[in-house]
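First comes one chain, alone, set out as structure tokens in the form predicted alone.
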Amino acid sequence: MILSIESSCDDSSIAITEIETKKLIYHKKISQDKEHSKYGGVVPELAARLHTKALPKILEECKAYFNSIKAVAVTNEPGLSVTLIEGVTMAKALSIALDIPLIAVNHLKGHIASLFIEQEAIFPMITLLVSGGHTMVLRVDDFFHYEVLATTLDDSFGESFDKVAKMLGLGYPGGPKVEEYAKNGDSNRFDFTIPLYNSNRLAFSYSGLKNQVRVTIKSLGELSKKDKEDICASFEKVAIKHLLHKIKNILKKLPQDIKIFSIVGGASANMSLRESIMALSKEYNLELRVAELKYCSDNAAMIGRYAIEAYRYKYFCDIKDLQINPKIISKS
């Protein structure tokens, strides 16, 4: 079995995955949403302190499996430096104590692996990754080889939802709050402009749309609940339209060997986005694959699924070389 650890942001998670069968033997995640909600977003130092309490607590439940653990996998990039170090430190300690190899896992590759938890993988595919920190479209040929086709120039899809929620005073986490309010709103009340609509550039940008929302909020003065619902609905509609517009430009030049489109990441739990991507996939005759809702946000199960493949190829990391890499995504 492989023991995997995830601590890239504000979720403390550990999983144990059976190498041969890919079966998820154990998985637990402790969320910090309640602790961060009063601040309207994640406070890195607080997140790190909470990881020091939660990770050992979860690990205590895994002791019965220690004799069967063949490797320990851990997220080391990208993420918050003060929270990544908590997971990496634990992984190094386990590697020494159990005399097992280390596997370093890129958090974003873990999200791709979330599609195949407890099942065989199917490649190649085009993948939309949308989270609080990243928005990108990739061509994925296998667990270790992919090409970034488009990425964000500024804010991510998920980040823009969080910031709109904060501007409206909806609380944290913002994404689900905006989605909830949008369900009862008039999406045509505010005519927000689709970013980069007249540009041929394959890229995403949410800073301008976020600013449109800010200006609208300021012009309205004191907001009623109906105002907030309409702003959320209008914003969500345009945020998704922006994604679809750029993805269509990619799919128009789709290679013949691509038959699958997938969507991963925490923000992929947005049901309006899922429905829109489903319709787009049908339009281009592509099979749509999505991660289960419980595996969309950060979790150790996806880290473990990727680690199974890394273990088979002996992609181990020396304990002296395992470092955190907060911002950079590996493109190998």
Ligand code: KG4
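For every residue, the number given is its place in the sequence shown, counted from 1. Note that the coordinates shown come from a computational prediction; the quantities given were computed from them, not determined experimentally.
In what follows, reference is made to the form predicted in complex with the ligand, a form of this protein that is not presented.
No member of the trio 36, 76 and 326 reaches the ligand in the predicted complex with any non-hydrogen atom inside 4.5 Å. Contact between residue 124 and the ligand in the predicted complex is not found at the 4.5 Å heavy atom cutoff.
The closest heavy atom approach of residue 277 to the ligand in the predicted complex falls outside 4.5 Å. Using a 4.5 angstroms threshold between heavy atoms, residue 263 stays clear of the ligand in the predicted complex.
With a 4.5 Å cutoff on heavy atoms, residue 206 does not count as touching the ligand in the predicted complex; it lies far away. The stretch among 277 to 285, 45 to 53, 290 to 298, 58 to 66 whose residues place heavy atoms within 4.5 Å of the ligand in the predicted complex is 290 to 298. Residue-level contacts in the predicted complex: of 110, 87, 195, 158, one residue has a heavy atom within 4.5 Å of the ligand, and it is 158. Residue-level contacts in the predicted complex: of 234, 152, 95, 131, one residue has a heavy atom within 4.5 Å of the ligand, and it is 131.
Residues of 159 to 179 that come within 4.5 Å of the ligand in the predicted complex, judged by any heavy atom, are 159, 161, 162, 173, 174, 175, 176, 179 in sequence order.
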